[in-house]
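The data below hold one chain only, encoded as structure tokens and taken in the form predicted on its own.
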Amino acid sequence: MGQDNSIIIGCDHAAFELKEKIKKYLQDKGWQVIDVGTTGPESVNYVDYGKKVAGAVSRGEFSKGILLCGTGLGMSMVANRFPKVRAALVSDVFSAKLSRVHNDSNILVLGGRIIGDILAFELVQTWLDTEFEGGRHLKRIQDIDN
């Protein structure tokens, strides 16, 4: 499994600039960021990058990942096809927090054409700082995984 301070990140062309800003933000906070691409603004198939991140989280190579595309919709659809992945598409702090507290989300999905970098940083930090509550929510997570 990835170290506790490591996170895998991937995006398509529509969110490349925001991914680069988030990557720097995380590195400045001491995170080891494994970037699986894309590496520029040229058009790519988001599915390829969604599979890389979701596959690594599904296999337990990383406990957390971040995916970005234009709206976040495509990446969230791809990621949630993988076993044991609970990808949460969020654009507000309350949803970022509750995705962890109630759903133990392990992939944060953001829309690069929906949110700006300041909000993105706040969403990422909230998501990383928030712990899963467990309790009655654990049974629901187990039901999802089964």
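Residue indices: 1-based, along the sequence shown. Please read these numbers as outputs of a predicted model, since none were measured by experiment.
Separately, the form predicted in complex with ligand RB5 exists; it is not shown, and the next lines address it.
Heavy atom of residue 23 within 4.5 Å of ligand RB5 in the model of the complex: Looking in the model of the complex, residue contacts with ligand RB5 do not include residue 23, since no heavy atom lies within 4.5 Å.
Touches ligand RB5 in the model of the complex: residue 18 (any heavy atom, 4.5 Å): Answer no; every heavy atom of residue 18 is more than 4.5 Å from ligand RB5 in the model of the complex.
Residue 49 within 4.5 Å of ligand RB5 in the model of the complex, heavy atoms: Because no heavy atom of residue 49 falls inside 4.5 Å of ligand RB5 in the model of the complex, the answer is no.
Partner proximity in the model of the complex: residue 124 to ligand RB5, non-hydrogen atom cutoff 4.5 Å: Judged by the heavy-atom cut-off of 4.5 Å, residue 124 is well away from ligand RB5 in the model of the complex.
Option from 91-99, 56-64, 33-41, 73-81 whose residues, in the model of the complex, bring a heavy atom within 4.5 Å of ligand RB5: Of the options given, it is 73-81.
Contacts with ligand RB5 in the model of the complex - residues in 104-134 whose heavy atoms fall within 4.5 Å: Going through 104-134 in order - heavy atoms within 4.5 Å of ligand RB5 in the model of the complex - there is one hit, 113.
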